[in-house]
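Provided below as structure tokens are two forms of one protein chain, presented individually as structure 1 and structure 2.
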Structure 1
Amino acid sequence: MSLESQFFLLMKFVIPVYLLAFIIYAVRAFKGPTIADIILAVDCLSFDVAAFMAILAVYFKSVYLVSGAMILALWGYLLDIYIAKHLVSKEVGA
């Protein structure tokens, strides 16, 4: 069994799991009862998309997908810091 066929076999199981997670996170992001639930859903969604982009970057051997995944992960982290600062001190901005 070649490496490429093993990758496709793995992706048959990984893609449905990611799609189910994306749907669950999207529902929580739109219908979250509290602001913290919405923020957590958006955060998880951004990190899952970044991880999926990293998996695809390995397969396609693309540097651009890795840089996009890193930027998306950093954006999610920055969002967490910004919202946490807002919730603690009620101030917006840098």
Structure 2
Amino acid sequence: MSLESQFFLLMKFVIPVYLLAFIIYAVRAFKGPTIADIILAVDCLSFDVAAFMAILAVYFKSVYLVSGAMILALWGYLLDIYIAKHLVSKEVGA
């Protein structure tokens, strides 16, 4: 059994677990009672989509997907910082 077919056999078990976790995060993001819950769920979702894109880059043998993952991780951090700044001082500022 070659390494490639072993990898595709592994992906048959890993990809459904990730999709289930995305659905559960999305449920919390839609029904979260406060703003902080929604932002925390979207934050988890963006970091996990970044990790999932790195896995898909190996799955589809494409190098371009990983650069998108890096940008997505940085965007999740920016979302946290801007919302926290707005909640503390009621303005985004510089």
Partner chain sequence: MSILFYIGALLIVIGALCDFFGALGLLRFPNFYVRLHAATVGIIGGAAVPLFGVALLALGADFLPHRYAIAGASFITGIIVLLASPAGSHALAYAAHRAKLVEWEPKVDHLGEVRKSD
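By convention here, residues take numbers in order along the sequence of structure 1, the first being 1. Bear in mind that the values here come from a model prediction, so they are computed numbers and not experimental data. Under this definition, the rigid core comprises the largest set of C-alpha atoms superposing within 1.5 Å between the forms.
Assignment of forms: the chain in structure 1 is the form predicted alone, the chain in structure 2 is not. Superposed on the core, the two forms barely differ at Ser67: its CA moves less than 2 Å between structure 1 and structure 2. With the core held fixed, the Cα of Ala26 is displaced between structure 1 and structure 2 by less than 2 Å. After superposition on the rigid core, the Cα atom of Val58 is displaced by 3.1 Å between structure 1 and structure 2.
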